[in-house]
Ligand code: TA6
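Given as structure tokens, the chain that follows is alone and in the form predicted on its own.
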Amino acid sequence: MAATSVVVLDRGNNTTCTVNLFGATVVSWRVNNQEQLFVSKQAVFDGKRAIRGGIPFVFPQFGQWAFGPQHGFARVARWHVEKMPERLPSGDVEAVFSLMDDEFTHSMWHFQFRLTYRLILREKELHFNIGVYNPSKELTFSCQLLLHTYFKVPDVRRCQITGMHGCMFIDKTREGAVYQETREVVTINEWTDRIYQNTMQEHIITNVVSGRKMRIQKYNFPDTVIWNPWAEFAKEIPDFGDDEFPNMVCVEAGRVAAPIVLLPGTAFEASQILQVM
């Protein structure tokens, strides 16, 4: 399969969602022809390195991993198209992708699993439904799961993000120290890498594309990661431009602070809705 095999969901009216089967990475979401997601100009599409931007799918590990690549193998594995884009009676467009254990995953992680990833493109919304299944008869596994969404913004310093007030967070810029968020809205003016725990089910990001707002609604994703490498760390990322950091913010819904534990024959489901307001 070519490194750049993509599937496009097209709702009409220049509203599309493009999924690269390498990692089932959503690499574009356009609403009335306006791109909502950030992809670095230096992103590599070689079918080996994770794609820098869009919405990488993080599983079964968030962050550094002793047994395989950072953020796990799902974002660097070839996914299968379970259901090609299909128009629903509502006019919305649905597609389904899946990933199962194979030799590649067994080289890092010895468990059987199955992931399903269902996307629905609506007029101003993108819906994500994720299922994680443990088909084993005897083995239990634990895992982390996260959607590493890169939002495109004109200037991250002007964004405000709601839904974290009062939450505890792990600050990875301060050696994992734990703090409580006292601000009503989170703003970003420096290198930021935080895992907020038990966040509200809804976040609103102000001043995204064209000065609009982006609403994130999440279910069964108790954690929210906020990341921006800022100038000093942008320089250290080879597939990220030195001057691109003001034009992106990662607001990532996931389950990472306490892992998902799946007994034999059981499933875990989570979902996210992104809405341009």
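All values reported here derive from a predicted model rather than from experimental measurement. In case it trips you up, residue 1 is the first one in the sequence shown, and so on.
The same protein also has a form predicted together with the named molecule, omitted here; what follows describes it.
Shown without its partner, this chain lists K152, H165, R158, K172 as candidates; in the predicted bound form, only K172 has a non-hydrogen atom within 4.5 angstroms of the named molecule. In summary, among the residues V225, V249, V31, I55, the only one with a non-hydrogen atom within 4.5 Å of the named molecule in the predicted bound form is V225.
This chain is displayed without the named molecule, yet in the predicted bound form the stretch 144-152 from 130-138, 76-84, 110-118, 144-152 comes within 4.5 Å of it by heavy atoms. Although the partner is absent here, D193 lies within 4.5 Å of the named molecule in the predicted bound form, judged by heavy atoms. The closest non-hydrogen atom of H71 lies within 4.5 Å of the named molecule in the predicted bound form. Using a 4.5 Å cutoff between non-hydrogen atoms, F62 counts as a contact of the named molecule in the predicted bound form.
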